[in-house]
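Read on for two forms of one protein chain; each stands alone as structure tokens, with the labels structure 1 and structure 2.
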Structure 1
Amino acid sequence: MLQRMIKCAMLPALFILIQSRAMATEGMWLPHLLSNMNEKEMKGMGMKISAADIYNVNKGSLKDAIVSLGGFCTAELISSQSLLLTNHHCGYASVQSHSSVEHNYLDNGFWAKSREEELPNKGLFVTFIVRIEDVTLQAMQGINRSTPEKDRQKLIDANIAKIKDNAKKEQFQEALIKPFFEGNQFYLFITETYKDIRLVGTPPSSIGKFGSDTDNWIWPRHTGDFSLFRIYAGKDNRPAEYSKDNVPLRPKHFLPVSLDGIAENDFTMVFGFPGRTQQYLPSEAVKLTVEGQDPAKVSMRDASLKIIDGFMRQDEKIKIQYAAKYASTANAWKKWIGEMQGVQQTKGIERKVTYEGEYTKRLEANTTLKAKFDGVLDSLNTLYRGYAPFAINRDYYAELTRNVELLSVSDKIITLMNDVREKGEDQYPALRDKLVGSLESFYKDFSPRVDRDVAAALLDIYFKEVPTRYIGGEAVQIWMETNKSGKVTADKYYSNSALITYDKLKAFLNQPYRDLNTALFKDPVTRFGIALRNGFIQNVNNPAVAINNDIMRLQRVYMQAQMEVMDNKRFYPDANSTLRITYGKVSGYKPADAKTYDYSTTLDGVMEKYKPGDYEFDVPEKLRSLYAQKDYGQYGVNGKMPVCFIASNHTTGGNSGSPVLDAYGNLVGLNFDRTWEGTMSDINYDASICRNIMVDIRYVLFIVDKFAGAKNLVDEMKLVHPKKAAVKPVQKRA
């Protein structure tokens, strides 16, 4: 009895301990602030290096091995010759552009046998961060709490221009200033951008994209999602346009690659360029996202994906035409579904409400703060309630014009006409040619049969779900003409519109500008497109923009209020595509009752999923035979080949390709995804189920060395055994 009482009394304390230990992994931190904010905690979690090893402006540090790739992914240097590692899905477009029927690098992989064979990629670039500085004071000069909103941005823009002009930098570097904490702080980034980036190697899609859309966002995962590039510079080691005389960049730092692998509870950190998160929204905004906007977007994509999938399964040509479009539509669709479920499962909205209760209690107890921030949270929540219908209907419109491809073309034509109206009629031929040129590849992959069915389904949903007052009279009138039926509308349009083939479209746009103006109202698709767009702008977009301006202002004040009121909480800025570091521990999780997930997968799982000939789950012959012979070289452990693992690092889109580092700063993995249950981490991080998914670096090495026979690339790297090195020899007692 007594024992039980003691046990019960201890429970809350234990609970808090577990909670805070788990919570410790939330956050995407600025690398130059680690020594003040995170170093102690990181060391407590097992880190063996110091904050100065991660970010240092005076000598090479880890940050000098990390680049933003093309502004959409992350990549890292892994040799003194600037060998660059990123994801297969980040390099996909480059690999695709080099592929043809004769050289299908997507299907077969590609490995440059020498520097001469490395393939240049027009338009691809990487950006290093040279230095980060807090410029908040300068950016906010002349601004105080009573500065009118419309003047505020102008003043900031002028201040920022001045800071940029005065920034100390070399002429081959750039200065970039970004707002943080909803515009409460500003940081200056001195950057260096290299534009000669060459493809070195990529595994076939059956390894690099293994599991494709079925496995996307899913754990357990078995994808070797990596590819290799190289950064080239001028002979002076500075950024240079592509030239065959360029040489590999000699970098300030590159990452040693660990052969020791990971174990449960190991400390890991992910260094990269996360794109966008919204951690400081009020409860009404989270509610709007997961109860209003996500369901709206998902319902439109559900319908569209089902139809496209049906065609792709029947028709080989359509499968090729729609593969990439399907993947990108499905990627966000699946993420939103995970986000809704995750917020529900972790009671994300209730948690926000509880947090707001605590915030309000503290605010009420502090007269100074109350004077400053009274009513801010309530007003913000009220604004979001008023904003909700506009936001939801804006999403319906955006999904309609995105997923119905002909409406997206119509939208482009309307934009073209608006441009001409602004810039002058004589600009029409040039602007038209630009649009026509950009649409060539669109029509190559366009199937009117598919799009007609998608249009029929989505128009039905749109007119059913969006109240007519948000659609506008003109479009509703047209909808009545076709019996309020998506199918009747789509059939009529697809038999009569000039937009359904590239040749017809070209002829249509080749009429004199004046005639085109009238023709637009005769073509059924553009006529409908114009009516829908006008109705949307007037009834949804204009009011939404007006409310949104107020929301942005209050969101900024509420951010400041949270930082002052909740002063025992450590705040990190929302992701904004700037360099961040996040850390956590290798760990499995429990996604649902009676379900438990391990933290790592092996090649055995690849073979379990293997479906001969399947476009998602085929396995190349060579890999099967390496598996049969257990020929894993120095990369296997105990007869198994590690493939992927998960940890509680807080990541988001843009972190694809980010290096995963061990306690010593050695490369142990390559980030490429998150688990489905945890995709809500963008608005509601929860350490109990949020996990990032990484390729084990030993699998990368195994594929490069044993599968591709590109031992030359492995020889370029610096392979290390940190764990072995860390074990001190046992001292014999005398």
Structure 2
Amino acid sequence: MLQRMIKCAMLPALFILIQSRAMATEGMWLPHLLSNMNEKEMKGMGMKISAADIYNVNKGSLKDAIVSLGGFCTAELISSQSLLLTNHHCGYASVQSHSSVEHNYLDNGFWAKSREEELPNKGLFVTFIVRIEDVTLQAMQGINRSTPEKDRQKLIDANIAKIKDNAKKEQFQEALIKPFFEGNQFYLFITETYKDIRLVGTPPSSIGKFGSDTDNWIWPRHTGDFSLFRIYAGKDNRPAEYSKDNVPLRPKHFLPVSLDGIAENDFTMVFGFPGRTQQYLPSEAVKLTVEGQDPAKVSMRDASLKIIDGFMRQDEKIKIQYAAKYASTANAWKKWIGEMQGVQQTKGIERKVTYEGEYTKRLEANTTLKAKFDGVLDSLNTLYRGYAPFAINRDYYAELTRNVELLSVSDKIITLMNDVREKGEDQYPALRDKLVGSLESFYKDFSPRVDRDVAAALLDIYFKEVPTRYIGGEAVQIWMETNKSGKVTADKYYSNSALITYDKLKAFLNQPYRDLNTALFKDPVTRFGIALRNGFIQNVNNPAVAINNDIMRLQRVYMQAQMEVMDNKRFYPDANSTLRITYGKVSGYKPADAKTYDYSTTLDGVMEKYKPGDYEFDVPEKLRSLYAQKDYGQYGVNGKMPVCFIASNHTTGGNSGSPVLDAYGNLVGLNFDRTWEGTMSDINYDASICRNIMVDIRYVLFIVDKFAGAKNLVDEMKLVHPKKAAVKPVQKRA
């Protein structure tokens, strides 16, 4: 029966069914299925190319210009010399790694004047998708409805291993298999990964990060959020480790760049690697997210960010050390706030309940489906209610150990000791040296003063908000020893811990294994870390894992049930960091009563926000001069310089750096954000307010050419005028 369900689920007809409420812009679609599922609709919205132009395994297509950058962002090829465009915030950590007080590329920008000046980035890589194949039947071989849950994953893992072994690929390629629709389908991805990625250019943060945290997730935006890299390969054009002898990759395809810009209602596509969405959760899961977990995480990060921000404003060295960490922390913090507000504003929980009512009504009316899926939804919602306290307190612990960096180091040391116990004492020197080596870069960007104050604030929140029964008696006892005060605890521990500097840490870990085992319980930070971790594992993590296993099983069955019961709904798979395409239109929106937002911004708005000397809203003198002279070159329009625009493409984290393509497949923008009201699109997409935010490619070109004086990079690109070319001249009658 299950095998028959899988075959049915794979039929394209199941996905082409019309939704009761058509939302043409919703969805993150697999590119190799567009011809059967989306092409007609896309052309109806204005697309001028074919699905084969987007995804093709026999010749170069749009997919061959799109890469996953480092596994966390998207980037795209924009020249025959593999010039790579992505977001400033995606390249931020790389720029920071090359920066110092003497050479502050974060503040001043960086532009390589020659290939020899391009900077290598250890650990950074890009991955191409060569082809995608449906391997559901092979992955599910031997599995049916009666297969015990504990055996199911073992069988799938064994099947996947066989598929990978037998996959047709080159020696330098890799096979990746990912589950879709909660494990009801599986796809094989053949990939190529290149590891020699060099920094070519980036604007100063006053452009690339303009508006910083105040404007993050906010429309209207005026941020030139871009940076440029280049992919290098061996002389055989294949992946190679970094070498001075490497040459720029010769790509199968690169994106032409349109100078014609955008207009309202223009068709747009976003191609990239969206990270994670959960569109098919039950109502209790959405409620837990926005009423339980989000508030917990926001409260911890709010306290941490305020402290770090204070130090960064006063100390240039700390500003450089914490720039990337602060940006990462603030990004999620503000997203969660918008998610809470968006779900409330669009009555997202109520919409889920209404959907579940319709689902239940249809299920009750179909005796065959009722026999298969009766009680699944109710059981799943019940499990989420029981899971709630563990999930919330798990997030408090995760935020504590993430944001208090010495507790994070402590956790790594505890993990080291556990690994030694598991693998044998003779493995201790190698495992220890590996950890010590990995922490060198951490201490480069670590300030004990900052971390001490963060610890003081977060410990107070943690012990106030998390009930004692979830913390554990040992940690509570240690907390009482310091008068239940975050400040007293932090002052005492940061004065006496061996983890406070890199040199002290190395000396601490250089002890014989058995001596270190004893020393862990004497050092105040590791002693506290062990107590917190033990309490968390016993009282939160273990119970949570037990419930979550049941949730994952029922979520998979509920996904299957929705696809069979709601047979007028078109389903797309949740994002899972695999290649997807979304499509929509350039469009403004109304976020609230008496508020209406236009679809584009200009350099005028940058100058309106300009605050001399402000770390978020300062504007470089040269940019101000170009603005005063209206010196926009070929990139301006009617005396205005376009900066950003919005459209209704469905995006999420991982889409940062994704190319925004016009109806002809040309590059018109660079995706970098979503509107604050629409950040809830990961769990509750609503076409009325969900908008993605993009840098207009003309602003990118203007900054590279007129501001940075790097016209040589623009000269590498293929600049086109698709709209002008599409306008046919009127022929005169003879």
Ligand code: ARG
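Residue numbering: structure 1 sequence, from 1. This structure is a prediction, so every number in the text was calculated from the model and none was measured. We call the rigid core the largest set of C-alpha positions that still match within 1.5 Å between the two forms.
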| item | value |
| --- | --- |
| Of structures 1 and 2, the form predicted on its own | 2 |
| Post core alignment: Ala93 C-alpha displaced by 2 Å or more between structures 1 and 2 | no |
| Core fit, then Pro448 C-alpha moves 2 Å or more between structures 1 and 2 | yes |
| Core-superposed comparison between structures 1 and 2, Ser299 Cα displacement 2 Å or beyond | yes |
| Once the two forms are fitted on their core, CA shift of Asn510 between structures 1 and 2 in Å | 5.5 |
